[in-house]
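One chain comes next, on its own, written out as structure tokens in the form predicted alone.
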């Protein structure tokens, strides 16, 4: 494995990671909620009184943050090397996995690991292994 030094961006990556960590800590400390995207969005589909406003604000923040960033710098170009059917199948599989795993990468990988949750450690290990295996199969066995 080699590092692509031309596109290596440690400082923006570190800054992004720190901001994600800060945002999840603030949500937990001031709202008592875990910043798991699948749980936050899922809660909008089964609303509970007094629990909808912060969820909408969180999702709006996810959508509006790149727009605000684009006022100061160019957004990176998105490059997707898959057709629509593959993207739909991938989205459905991710959704199914988050339901079976009781959470997503943000809930288990960011918030759960920081709380030393054994369940989150197991979930993160499984989805990382599945990701590694998928990339290996697609890049080395199928291609």
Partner chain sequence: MQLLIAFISGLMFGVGLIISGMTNPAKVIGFLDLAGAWDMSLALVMIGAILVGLIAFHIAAKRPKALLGDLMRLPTARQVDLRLIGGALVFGVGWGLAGYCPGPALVSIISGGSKPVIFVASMLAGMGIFEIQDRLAHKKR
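Note that the coordinates shown come from a computational prediction; the quantities given were computed from them, not determined experimentally. Under this definition, the rigid core comprises the largest set of C-alpha atoms superposing within 1.5 Å between the forms. Positions refer to the first chain, counted from 1.
Below, we turn to the form predicted in complex with its partner chain, even though it does not appear here.
The closest non-hydrogen atom of residue 141 lies beyond 4.5 Å of its partner chain in the model of the complex. Residues of 22 to 48 placing a heavy atom within 4.5 Å of its partner chain in the model of the complex, in sequence order: 22, 23, 24, 25, 26, 27, 28, 29, 30, 31, 32, 33, 34, 35, 37, 38, 41, 42, 45, 46. Comparing the forms between this form and the one not shown on their rigid core, the Cα displacement of residue 9 reaches 2 Å or more.
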